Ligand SMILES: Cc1cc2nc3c(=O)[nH]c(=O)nc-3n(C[C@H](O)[C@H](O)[C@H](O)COP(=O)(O)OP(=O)(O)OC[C@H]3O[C@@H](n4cnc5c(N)ncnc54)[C@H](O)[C@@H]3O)c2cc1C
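Consider the single chain below, provided in structure tokens and representing the form predicted alone.
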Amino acid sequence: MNTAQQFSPGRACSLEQVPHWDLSTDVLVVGFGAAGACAAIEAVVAGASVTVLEVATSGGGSAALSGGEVYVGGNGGTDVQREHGFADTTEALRQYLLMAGGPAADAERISVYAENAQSHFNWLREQGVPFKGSYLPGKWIEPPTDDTLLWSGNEKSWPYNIVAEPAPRGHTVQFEGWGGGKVLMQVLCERAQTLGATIQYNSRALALIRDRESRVVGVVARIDGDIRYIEARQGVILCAGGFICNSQMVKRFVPAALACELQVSAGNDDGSGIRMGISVGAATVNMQEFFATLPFFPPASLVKGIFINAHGQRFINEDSYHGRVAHHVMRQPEERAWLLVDDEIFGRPIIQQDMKISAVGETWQEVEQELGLPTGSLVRTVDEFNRLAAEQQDPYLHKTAEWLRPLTVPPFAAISYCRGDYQGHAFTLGGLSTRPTGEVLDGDAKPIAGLYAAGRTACGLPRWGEGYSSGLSLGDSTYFGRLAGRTVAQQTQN
């Protein structure tokens, strides 16, 4: 009798090893998070039979732990953007995403998304996802209110604001407080089930099954403790998340993420979907990239402070998206950095209110001495910053005038962002190489027959940690999950 120990995500099972099919379906989706739920919805609507394998006892995945922000716009703006005076062009969205994607930005995928993001927002509402339609100005990690529209990335900060016309694109599910992702996923999961998708909970995909022609034809799974062989007549869609929970894969592919103590995951981002793809020859993309954030704001007043490193030098425009700030902080010399604040803007980050205060002084010279920095380094940096900020200028790092003010009200303090003094959060961005329509590609960029992927199992729109914006993962996962589901279901018509 076969046991689970005989199977591995990293080793495909041959069709000859399958004694019989326990279940058969047109489309088999692995994972019932944002990508999996949307893939299931579109595949069912297209007329396919759909079975979803979910390792947990309920759906939602890591998306259910998110803020519920979806990054959308373009085509003149969503109706919410237009109502509040923001005319967001498709070209502005495209240019922003190209820059946010970094050196490995996928221009084809970005163009597809930019052209369809507005209609995708409407599709989400058609599924029953609630959006209040109101606008929340200011700078937020997540809206503490049930408002919809917010600035959720680097749109207004340099250098993004000189490449693309700024517009707020974070569209947040209506929910009071943080954690609106659970509302989003409840709606999408219920929608998939109502339409007729069969959901198998407590079900772990163990290995892909392929035939002699190397086509993926199904999955070996453990369902409620028993080994089951599931046939996928049209294709398998891997939507099993990233690999932040797999310590071996993190150490191998993205060791820089080890500086972040906390995983942004529901606990099942173990890389199994990526490993299954690799087992049948799939190529991977950007496995070294990860999202990172650290306790910086709120309160938003802290954005008016300045970060310095062990040389007493500034290194980032502090009005950038908190993820961009985090990446710059983590790569400073000796992994040491501090946020300098004065009494007028002082506050402890709400996310980690026990942040270490490394130095306090009535003068910046006292702070410099207490930090043990080279004599005059911090004082010169602050003096020059204060002189220019008083003139609403930041010629070196281009912090926008909205957040510029001299640091002149004692006492002064340095909040520690040295490694070990803050709790960083991380999740992975690398994954399987795919077409926008979901086909998984091999090392020669050729499709692997019968295999598709979306969400964090694939390398999608968000593929550069420094360029990340809140809402990109949910936008990417929901939209490209839809495309993958539709693509596989259409195979029944051939």
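Bear in mind that the values here come from a model prediction, so they are computed numbers and not experimental data. From 1 onward, residues are counted along the sequence shown.
Keep in mind that the form predicted in complex with this ligand is missing from the display, and what follows is about it.
Within 4.5 Å of this ligand in the model of the complex, a heavy atom is found for none of S8, V250 and N286. Annotated contact segment (heavy atom within 4.5 Å of this ligand in the model of the complex): 269-277, selected among 269-277, 97-105, 307-315, 377-385. Contact check for M330: every heavy atom lies farther than 4.5 Å from this ligand in the model of the complex. At a distance threshold of 4.5 angstroms between non-hydrogen atoms, I237 is out of contact with this ligand in the model of the complex.
Mapping the unseen interface onto this chain, V264 counts among the residues with a heavy atom inside 4.5 Å of this ligand in the model of the complex. Of the heavy atoms in S203, some are within 4.5 Å of this ligand in the model of the complex. Among C459, V27, A63, V440, the residue placing a heavy atom within 4.5 Å of this ligand in the model of the complex is A63. Taking a 4.5 Å heavy atom cutoff to this ligand in the model of the complex, the one contacting residue in 136-158 is E142.
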